[in-house]
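The chain below stands alone and is given in C-alpha coordinates; this is the form predicted on its own.
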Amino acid sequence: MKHARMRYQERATYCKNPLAKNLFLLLDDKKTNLALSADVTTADALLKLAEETGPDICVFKTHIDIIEDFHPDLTHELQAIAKKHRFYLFEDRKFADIGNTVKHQYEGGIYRIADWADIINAHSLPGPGIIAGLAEAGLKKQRGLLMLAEMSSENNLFNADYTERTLRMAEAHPEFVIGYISQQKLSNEPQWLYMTPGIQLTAGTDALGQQYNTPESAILEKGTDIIIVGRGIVKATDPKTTAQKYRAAGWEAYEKALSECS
(Lines give C-alpha, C1' and ligand atoms only; values in the text may rest on other atoms or scores of the structure.)
Protein backbone atom coordinates (compact mmCIF):
# COMPACT_ATOMS: atom_id res chain seq x y z
CA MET A 1 0.00 0.00 0.00
CA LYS A 2 1.40 3.40 -1.03
CA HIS A 3 0.75 6.41 1.23
CA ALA A 4 0.06 9.99 0.14
CA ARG A 5 3.06 12.09 1.04
CA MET A 6 3.61 15.75 1.91
CA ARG A 7 7.08 17.21 2.16
CA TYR A 8 8.60 17.34 5.63
CA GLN A 9 8.94 21.10 5.31
CA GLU A 10 5.24 21.52 4.63
CA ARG A 11 4.25 19.28 7.51
CA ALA A 12 6.28 21.43 9.90
CA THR A 13 3.67 24.17 9.55
CA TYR A 14 1.04 21.95 11.19
CA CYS A 15 3.03 21.18 14.36
CA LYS A 16 1.97 22.54 17.72
CA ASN A 17 5.19 21.41 19.40
CA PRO A 18 8.27 23.52 18.56
CA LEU A 19 10.63 20.54 18.63
CA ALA A 20 8.46 18.61 16.16
CA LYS A 21 8.44 21.61 13.82
CA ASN A 22 12.21 21.97 14.01
CA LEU A 23 12.77 18.26 13.48
CA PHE A 24 10.67 18.25 10.32
CA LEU A 25 12.65 21.24 9.07
CA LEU A 26 15.92 19.51 9.92
CA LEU A 27 14.92 16.42 7.93
CA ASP A 28 14.31 18.60 4.90
CA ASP A 29 17.41 20.77 5.31
CA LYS A 30 19.89 18.02 6.17
CA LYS A 31 18.27 15.55 3.77
CA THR A 32 18.30 12.60 6.11
CA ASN A 33 15.56 10.58 7.75
CA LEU A 34 17.96 8.21 9.50
CA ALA A 35 17.99 7.70 13.27
CA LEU A 36 20.76 5.66 14.86
CA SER A 37 19.94 3.34 17.76
CA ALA A 38 23.23 3.44 19.67
CA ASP A 39 22.88 0.34 21.85
CA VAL A 40 26.43 0.27 23.18
CA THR A 41 27.54 -0.12 26.77
CA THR A 42 30.48 2.25 27.24
CA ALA A 43 30.76 6.02 27.19
CA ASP A 44 33.62 6.00 24.70
CA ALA A 45 31.71 3.78 22.27
CA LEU A 46 28.65 6.03 22.54
CA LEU A 47 30.59 9.21 21.85
CA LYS A 48 32.55 7.59 19.01
CA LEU A 49 29.33 6.52 17.29
CA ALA A 50 27.80 9.97 17.71
CA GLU A 51 30.85 11.61 16.17
CA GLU A 52 31.21 9.13 13.30
CA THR A 53 27.55 8.98 12.25
CA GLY A 54 26.50 12.50 13.29
CA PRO A 55 26.80 14.06 9.82
CA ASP A 56 24.34 11.51 8.39
CA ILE A 57 21.62 11.21 11.04
CA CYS A 58 18.71 13.30 12.26
CA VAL A 59 18.28 11.52 15.61
CA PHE A 60 20.68 9.69 17.93
CA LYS A 61 18.80 7.22 20.14
CA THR A 62 20.30 6.14 23.44
CA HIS A 63 19.66 3.70 26.27
CA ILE A 64 21.57 5.71 28.83
CA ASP A 65 20.99 3.18 31.61
CA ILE A 66 23.04 0.48 29.87
CA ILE A 67 26.20 2.62 29.88
CA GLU A 68 28.46 0.82 32.36
CA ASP A 69 30.72 3.79 33.03
CA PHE A 70 28.12 6.56 32.97
CA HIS A 71 29.17 9.95 34.32
CA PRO A 72 27.24 13.25 34.20
CA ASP A 73 29.70 14.84 31.76
CA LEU A 74 28.76 12.20 29.19
CA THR A 75 25.43 13.83 28.42
CA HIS A 76 27.11 17.24 28.09
CA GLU A 77 29.54 15.76 25.59
CA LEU A 78 26.67 14.18 23.67
CA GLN A 79 24.90 17.52 23.52
CA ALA A 80 28.01 19.17 22.11
CA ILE A 81 28.32 16.57 19.35
CA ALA A 82 24.60 16.86 18.59
CA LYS A 83 24.92 20.62 18.22
CA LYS A 84 28.03 20.26 16.05
CA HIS A 85 26.45 17.79 13.61
CA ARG A 86 22.82 18.95 13.92
CA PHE A 87 20.87 16.00 15.25
CA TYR A 88 18.46 15.42 18.12
CA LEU A 89 19.01 13.21 21.16
CA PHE A 90 16.33 10.61 21.89
CA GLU A 91 16.49 8.67 25.16
CA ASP A 92 14.61 5.41 24.59
CA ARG A 93 13.44 5.13 28.20
CA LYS A 94 9.94 3.77 27.43
CA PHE A 95 8.34 5.27 30.52
CA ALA A 96 5.49 3.11 31.83
CA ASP A 97 4.38 4.23 35.29
CA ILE A 98 1.96 6.67 36.91
CA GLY A 99 2.38 10.36 36.20
CA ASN A 100 4.05 11.36 39.46
CA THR A 101 6.61 8.56 39.21
CA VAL A 102 7.57 9.16 35.58
CA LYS A 103 7.98 12.88 36.24
CA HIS A 104 10.65 12.06 38.84
CA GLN A 105 12.25 9.43 36.58
CA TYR A 106 12.39 11.97 33.76
CA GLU A 107 13.79 15.01 35.55
CA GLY A 108 15.66 13.45 38.49
CA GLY A 109 17.88 10.56 39.47
CA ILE A 110 21.43 10.22 38.22
CA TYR A 111 20.52 10.53 34.53
CA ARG A 112 18.44 13.74 34.62
CA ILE A 113 16.99 12.86 31.23
CA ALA A 114 14.93 16.03 30.83
CA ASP A 115 18.10 18.13 30.95
CA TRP A 116 19.64 16.67 27.79
CA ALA A 117 17.28 14.40 25.82
CA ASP A 118 15.27 16.29 23.23
CA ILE A 119 12.91 13.35 22.74
CA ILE A 120 11.60 10.59 25.00
CA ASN A 121 8.99 7.87 24.60
CA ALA A 122 6.34 6.22 26.74
CA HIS A 123 3.82 3.40 26.86
CA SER A 124 0.16 4.37 27.14
CA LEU A 125 -0.66 1.51 29.54
CA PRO A 126 -0.92 3.74 32.65
CA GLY A 127 -3.40 6.08 30.95
CA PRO A 128 -3.22 9.80 30.11
CA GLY A 129 -1.62 10.65 33.45
CA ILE A 130 1.71 9.46 32.09
CA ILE A 131 1.64 12.16 29.43
CA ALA A 132 0.62 14.83 31.95
CA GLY A 133 3.41 13.83 34.33
CA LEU A 134 6.09 13.85 31.67
CA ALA A 135 4.78 17.11 30.23
CA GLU A 136 5.21 18.85 33.59
CA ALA A 137 8.94 18.25 33.33
CA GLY A 138 9.39 18.41 29.55
CA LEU A 139 7.25 21.22 28.22
CA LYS A 140 9.19 23.97 29.95
CA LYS A 141 12.35 22.65 28.27
CA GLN A 142 10.66 22.39 24.83
CA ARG A 143 11.02 18.60 24.70
CA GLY A 144 8.89 16.13 22.77
CA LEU A 145 7.24 12.79 23.54
CA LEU A 146 6.72 9.81 21.24
CA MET A 147 4.02 7.31 22.19
CA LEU A 148 4.65 3.62 21.63
CA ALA A 149 1.80 2.62 19.34
CA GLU A 150 3.36 -0.50 17.76
CA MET A 151 6.53 -2.54 18.24
CA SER A 152 8.72 -4.59 15.91
CA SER A 153 9.21 -7.64 18.13
CA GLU A 154 7.51 -10.89 17.22
CA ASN A 155 4.29 -11.82 19.09
CA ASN A 156 4.09 -8.49 20.93
CA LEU A 157 0.82 -7.64 22.71
CA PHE A 158 0.02 -4.44 20.83
CA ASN A 159 -3.35 -5.01 19.13
CA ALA A 160 -5.44 -2.68 16.98
CA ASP A 161 -7.56 -1.49 19.92
CA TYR A 162 -4.48 -0.64 22.00
CA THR A 163 -2.96 1.29 19.09
CA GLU A 164 -6.19 3.21 18.49
CA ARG A 165 -6.54 4.16 22.16
CA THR A 166 -2.91 5.30 22.19
CA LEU A 167 -3.63 7.60 19.25
CA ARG A 168 -6.66 9.11 20.98
CA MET A 169 -4.58 9.76 24.09
CA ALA A 170 -1.82 11.42 22.08
CA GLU A 171 -4.24 13.57 20.11
CA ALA A 172 -5.39 15.18 23.36
CA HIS A 173 -1.84 16.43 24.03
CA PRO A 174 -0.43 17.82 20.73
CA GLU A 175 1.57 20.45 22.59
CA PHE A 176 3.88 17.72 23.98
CA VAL A 177 3.33 14.52 21.98
CA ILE A 178 5.14 14.77 18.64
CA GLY A 179 4.32 11.36 17.17
CA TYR A 180 4.68 7.63 17.47
CA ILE A 181 6.98 4.68 17.51
CA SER A 182 5.15 2.48 15.04
CA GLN A 183 5.51 0.17 12.08
CA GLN A 184 3.40 2.33 9.81
CA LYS A 185 1.61 5.63 9.33
CA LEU A 186 -1.42 5.63 11.63
CA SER A 187 -3.23 8.90 10.91
CA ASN A 188 -3.83 11.34 8.10
CA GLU A 189 -3.02 14.27 10.39
CA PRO A 190 0.26 15.71 8.98
CA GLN A 191 1.79 16.95 12.25
CA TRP A 192 2.59 13.48 13.64
CA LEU A 193 6.06 12.01 13.21
CA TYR A 194 6.41 8.26 12.75
CA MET A 195 9.67 6.59 13.75
CA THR A 196 10.08 2.95 12.84
CA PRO A 197 12.61 0.63 14.48
CA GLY A 198 13.77 -2.73 13.19
CA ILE A 199 15.26 -1.51 9.90
CA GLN A 200 17.90 -3.37 7.90
CA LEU A 201 18.92 -3.15 4.26
CA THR A 202 17.46 -6.65 3.86
CA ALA A 203 14.30 -7.92 5.57
CA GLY A 204 14.40 -10.79 8.09
CA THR A 205 14.36 -11.68 11.80
CA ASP A 206 16.91 -12.26 14.54
CA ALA A 207 17.19 -15.04 17.12
CA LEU A 208 15.19 -13.07 19.71
CA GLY A 209 12.16 -12.26 17.58
CA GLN A 210 13.12 -8.87 16.20
CA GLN A 211 11.50 -8.44 12.77
CA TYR A 212 13.37 -6.31 10.25
CA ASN A 213 11.92 -4.16 7.47
CA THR A 214 13.84 -2.38 4.72
CA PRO A 215 14.00 1.43 4.41
CA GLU A 216 11.86 1.29 1.28
CA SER A 217 9.15 -0.87 2.81
CA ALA A 218 8.97 1.34 5.91
CA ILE A 219 8.93 4.71 4.18
CA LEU A 220 7.41 4.05 0.77
CA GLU A 221 4.96 1.25 1.52
CA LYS A 222 4.08 1.89 5.17
CA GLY A 223 4.33 5.67 5.19
CA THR A 224 6.70 6.19 8.10
CA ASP A 225 8.99 9.21 8.39
CA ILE A 226 12.18 8.21 10.19
CA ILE A 227 13.93 4.85 10.04
CA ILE A 228 15.66 3.68 13.21
CA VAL A 229 18.71 1.52 12.52
CA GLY A 230 20.68 -0.19 15.26
CA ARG A 231 22.83 -3.26 14.75
CA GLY A 232 22.95 -2.77 10.99
CA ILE A 233 25.21 0.24 11.66
CA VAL A 234 26.54 -0.36 15.18
CA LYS A 235 27.90 -3.83 14.36
CA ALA A 236 29.27 -2.84 10.96
CA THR A 237 33.01 -2.84 10.33
CA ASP A 238 32.74 0.79 9.22
CA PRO A 239 29.73 2.43 10.94
CA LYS A 240 30.32 5.79 9.22
CA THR A 241 30.18 4.40 5.69
CA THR A 242 27.29 2.10 6.57
CA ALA A 243 25.33 5.01 8.01
CA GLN A 244 25.81 6.83 4.71
CA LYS A 245 24.29 3.84 2.89
CA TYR A 246 21.25 3.79 5.14
CA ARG A 247 20.88 7.55 4.83
CA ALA A 248 20.89 7.27 1.05
CA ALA A 249 18.38 4.39 1.09
CA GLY A 250 16.01 6.22 3.42
CA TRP A 251 16.14 9.48 1.50
CA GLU A 252 15.72 7.74 -1.83
CA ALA A 253 12.59 6.02 -0.51
CA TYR A 254 11.21 9.38 0.67
CA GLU A 255 11.86 11.07 -2.67
CA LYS A 256 10.30 8.13 -4.50
CA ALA A 257 7.21 8.46 -2.31
CA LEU A 258 6.98 12.15 -3.16
CA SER A 259 7.37 11.53 -6.88
CA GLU A 260 4.68 8.86 -6.89
CA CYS A 261 2.24 11.27 -5.24
CA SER A 262 2.97 14.22 -7.52
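The first residue of the shown sequence is 1; numbering continues from there. This is a predicted model, so every value here is computed, not measured.
The discussion below concerns the form predicted together with ligand 5BU, not included here.
Scanning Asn33, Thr53, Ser37, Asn213 against ligand 5BU in the predicted complex with a 4.5 Å heavy atom cut-off leaves one residue, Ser37. In terms of contact with ligand 5BU in the predicted complex, the residue from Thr163, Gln105, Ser152, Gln184 that brings a heavy atom within 4.5 Å is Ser152. Three-residue candidate spot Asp92, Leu148 and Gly230; every residue lies within 4.5 angstroms of ligand 5BU in the predicted complex by at least one non-hydrogen atom. The stretch among 56-64, 24-32, 215-223, 42-50 whose residues place heavy atoms within 4.5 Å of ligand 5BU in the predicted complex is 56-64.
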